[in-house]
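The chain that follows stands alone, in the form predicted alone, written as structure tokens.
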């Protein structure tokens, strides 16, 4: 009887989000992720559809993410997009003099404490692995990365990479390359090398609209040589020790 009562007490304090009851990765995705993330595609075809998107599309996750990162992130989710996916609700695109970054550059800034703490399903290690496997099976855009390979001979230092990324192409106007340095409208990129597959980065930077026809990221006509250098830079950058927070 005592053991039964202890089990009841324990069960009452275990979060339902952490218990899968033997669900497969695909079942967990359908039950807990499909209400926010698009798991089937296609990408939004109109601006109206784009602005209804409040969470990243996952229907091509297998073409995009690294499995090991997915497993770790699903156990301990942290914010990837500083201003959220639908950033027009949360940023001020004309920062004041006081809102300049530490290097004196002007970027989009948050209106204030407009983002609530990240609330995302947290999975056990076992469930995270199952969900990651299910996500890695989602590969409708394999043709976009076919034959796309990283040229490791185009490695650059962090300083040289930042010059290309920031000064030549102006990518930090939307993306942060360290916590608090860069814009808010895009995903932070100081973990991109851990998060994203090299072939995806190369393909996406080259022609973003091949992946997301109405996305706001422009085609900057990055030269093939710089494309390789930027991707190698992002991989090198992800090895730096940045403290991450929600």
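None of these values were measured; they are calculated from a predicted model. Residue numbers count along the first chain shown, from 1.
There is another form of the same protein, the form predicted together with heme C (HEC); it is not shown, and what comes next is about it.
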property	result
is_contact(residue 213, heme C (HEC)) in the model of the complex, heavy atom dist at most 4.5 Å	no
Close approach of residue 186 to heme C (HEC) in the model of the complex, 4.5 Å, heavy atom	yes
Proximity of residue 49 to heme C (HEC) in the model of the complex, heavy atoms at 4.5 Å	no
Residue 37 within 4.5 Å of heme C (HEC) in the model of the complex, heavy atoms	yes
Proximity to heme C (HEC) in the model of the complex, single hit among 85, 136, 156, 163 (heavy atom within 4.5 Å)	85
Interface residue in the model of the complex among 150, 144, 118, 72, criterion: non-hydrogen atom within 4.5 angstroms of heme C (HEC)	118
Sequence-ordered list of residues in 23-45 near heme C (HEC) in the model of the complex, where near means a heavy atom within 4.5 Å	28, 29, 32, 33, 35, 36, 37
